[in-house]
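The chain that follows stands alone, in the form predicted on its own, written as structure tokens.
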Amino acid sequence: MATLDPTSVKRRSPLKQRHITNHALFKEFGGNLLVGHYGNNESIQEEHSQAQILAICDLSTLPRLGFKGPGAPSWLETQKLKIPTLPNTAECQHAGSLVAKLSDQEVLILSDIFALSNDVATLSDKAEIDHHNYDKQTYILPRGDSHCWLAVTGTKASEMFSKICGVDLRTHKFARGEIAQTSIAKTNAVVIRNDLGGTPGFYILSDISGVEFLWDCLLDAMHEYGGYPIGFSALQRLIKSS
């Protein structure tokens, strides 16, 4: 995969300039441009090790999509997705994508970590076809435009969150697949526990207009634990090495 210029693509992260300042190398994964790693190639293994302790990664250019309405869960089931029974829980799909049920009438679909699943694109196309079928009572939410997507990983993540989040995110209290709709550093956010291999992982989705503030607050909270930004390649390695 070739290293690419993030200014050459239409969809780019609001954090682009911060990544460039931090000497990021951008690469294409599944048609999406993300930070592969920072610095030189020697940092790849270092980032993989850091991801197991405490790190943050920007996934905001990966596909994601929401659906809302009385008929949303049942319509998504007709698309051969496994929908969680209870609100505020998430289910991994066969193709690797993640389906998060935020309420009885709202569902969020996130791409897999390898950006290979076509679930988001397929659902978007099918929703456009069914849009005028009002019996479905299902409405599409373009979460790729409205919400940022960050990943925080590592054994120190829960302890770090205790400084800026009122919800107890310790791994023995906040199980894999659980969702908290809460505030992080006074910013409304959705937190999804989604481990990567054997490493604790937390997806954070929040208003994309405030992602720079949220990113800086998370980095500040990580400082005492030695946490820092990593690229997408490190997250993939967590799964491959498990």
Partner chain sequence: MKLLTCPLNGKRNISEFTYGGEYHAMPDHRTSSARDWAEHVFFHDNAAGVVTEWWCHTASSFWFLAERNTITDDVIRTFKADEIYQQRVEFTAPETEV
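The model shown is predicted, which means the values in this text are computed figures rather than measured ones. Positions refer to the first chain, counted from 1.
The discussion below concerns the form predicted in complex with the partner chain, not included here.
K.L.:
Looking at Asn118, Thr155, Gln79, Asn88 here, can you tell me which has any non-hydrogen atom within 4.5 angstroms of the partner chain in the predicted complex?
P.N.:
When the partner chain is considered in the predicted complex, the option within 4.5 Å is Asn88.
K.L.:
Using a 4.5 Å heavy atom cut-off, which residue among Ile208, Ala180, Leu65, Ile56 comes into contact with the partner chain in the predicted complex?
P.N.:
None of the other options qualify; the answer is Ala180.
K.L.:
Since the chain is shown here on its own, which stretch among 155 to 163, 120 to 128, 71 to 79, 97 to 105 would lie within 4.5 Å of the partner chain in the predicted complex, judged by heavy atoms?
P.N.:
Residues of 97 to 105 come within 4.5 Å of the partner.
K.L.:
Is Gln137 a contact residue for the partner chain in the predicted complex, using a 4.5 Å heavy atom cut-off?
P.N.:
It does: once the partner chain is placed as it appears in the predicted complex, Gln137 has a heavy atom within 4.5 Å of it.
K.L.:
Any of the heavy atoms of Asn32 lying within 4.5 Å of the partner chain in the predicted complex?
P.N.:
Taking the distances in the predicted complex, the answer for Asn32 is no, it never comes within 4.5 Å of the partner chain.
K.L.:
Even though the partner chain is not shown here, does Val167 get within 4.5 Å of it in the predicted complex, heavy atoms only?
P.N.:
Yes, Val167 is a contact residue.
K.L.:
Using a 4.5 Å heavy atom cut-off, state whether Ser49 contacts the partner chain in the predicted complex.
P.N.:
Answer no; every heavy atom of Ser49 is more than 4.5 Å from the partner chain in the predicted complex.
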